[in-house]
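Form predicted alone, single chain, as structure tokens, below.
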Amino acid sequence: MKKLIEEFNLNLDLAIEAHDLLRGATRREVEGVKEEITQGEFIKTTTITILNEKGARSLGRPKGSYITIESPPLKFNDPYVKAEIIQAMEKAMQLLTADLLTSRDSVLLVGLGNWRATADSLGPKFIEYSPITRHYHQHAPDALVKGMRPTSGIAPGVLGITGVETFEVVKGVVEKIKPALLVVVDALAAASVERIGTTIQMSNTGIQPGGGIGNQRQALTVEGLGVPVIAVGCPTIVNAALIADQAVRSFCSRMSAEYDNNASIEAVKEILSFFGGGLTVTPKEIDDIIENTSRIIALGVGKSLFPGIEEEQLVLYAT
């Protein structure tokens, strides 16, 4: 798969996939990278910590922590699974934001993506379901539950709709309202169809909008914005080249035939040549996946930013 990814110039948004690819079949630990796994009733949580520059070069992403929550039932609206995922997200957010926030600090929520394209609308939907309270602090403080911090949210859209780079929009808002922390949510690209709607990644290293589809924009990071950035995402698409190659591998395995990596890549290139190798796919159930996942992420983030506040109360302050 590594050669295929290089041939089609694909990006792996999920650190867990990049880590697994780098280790390969040997499962050897990568120098400068630490992995910890915890198993819950319905979920598995994997924390990958890139410790130094060597680990960063190996995995092709910045130093920091990448927490991945995996749960195949995530794409279904199961209340028991939902509760465990929200609890795991709250715990992960607290680890990632440790020492970054006081109880009164303001937080800016940013929902990246194109609200006109369902598979890319996770970010805007997240803003729709998130508790937004900054205006209450300014104009109606008595309407707030005690202990609620000021939060604001924006969905800056995409360059093709607004004509403005996402970084420019976010930078301008940050300079104006001066939040202590950014929480940025975006749809991701996975290397496997099994991860669509079943995996949530959280990191403290920022995010590069459009990276998963090769349409990279200026990264949203503490270096560029002057504010710590927590990135949260869920895969909603897979590149067709990866699916085609996996199908070839599976066919060869079933037929006890030898898999030829180069031949598979050439065949995939031929089929996808009309799209220049840039074809990505998403399931027909993506509407339900986006709706369910955005609500769960909004509650997971909300519970971490408003500790002690009940979910029923947080929902009342959603936009």
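If you superpose the two forms and keep the largest set of C-alpha atoms that fall within 1.5 Å, you have the rigid core. When you see a residue number, it is the position in the sequence shown, counting from 1. What you are looking at is a predicted structure, and each value in this text was computed from that prediction instead of being measured.
Separately, the form predicted in complex with another copy of the chain exists; it is not shown, and the next lines address it.
A.B. asks: Quick one: Glu6, Glu41 and Thr199 and another copy of the chain in the predicted bound form, is every residue within 4.5 Å by at least one heavy atom?
C.D. replies: None of them does, since no heavy atom lies within 4.5 Å of the partner.
A.B. asks: Just one of Gly226, Pro141, Gly147, Gly172 has a heavy atom within 4.5 Å of another copy of the chain in the predicted bound form. Which one?
C.D. replies: None of the others qualify; the residue that does is Gly172.
A.B. asks: If the cut-off is 4.5 angstroms on heavy atoms, which of these, Thr162, Ser103, Gln94, Gln87, is the one near another copy of the chain in the predicted bound form?
C.D. replies: Only one option qualifies, and that one is Thr162.
A.B. asks: Can you check 199-207, 119-127, 226-234, 95-103 and let me know which stretch has heavy atoms within 4.5 Å of another copy of the chain in the predicted bound form?
C.D. replies: Result of the contact check: 119-127.
A.B. asks: With the cut-off set at 4.5 Å between non-hydrogen atoms, does Gly153 touch another copy of the chain in the predicted bound form?
C.D. replies: The answer is yes: Gly153 has a heavy atom within 4.5 Å of another copy of the chain.
A.B. asks: Looking in the predicted bound form, any heavy atom of Val222 within 4.5 Å of another copy of the chain?
C.D. replies: No, Val222 stays farther than 4.5 Å from another copy of the chain in the predicted bound form.
A.B. asks: Would Leu272 count as touching another copy of the chain in the predicted bound form under a 4.5 Å heavy atom rule?
C.D. replies: Flag for Leu272 set to yes.
A.B. asks: Is Gly278 a contact residue for another copy of the chain in the predicted bound form, using a 4.5 Å heavy atom cut-off?
C.D. replies: Contact check for Gly278: yes, within 4.5 Å of another copy of the chain in the predicted bound form.
A.B. asks: For the stretch 252-266, return the residues whose heavy atoms include at least one within 4.5 Å of another copy of the chain in the predicted bound form, in the order they occur.
C.D. replies: Heavy-atom contacts to another copy of the chain in the predicted bound form: Cys252, Arg254, Met255, Glu258, Tyr259, Asp260, Ala263, Ser264, Glu266.
A.B. asks: With both forms fitted on the core, check whether the Cα of Glu258 differs by 2 Å or more between this form and the one not shown.
C.D. replies: Yes; that C-alpha moves by at least 2 Å between this form and the one not shown.
A.B. asks: Core-aligned, does Val268 move its Cα 2 Å or more between this form and the one not shown?
C.D. replies: Yes, its C-alpha moves 2 Å or more.
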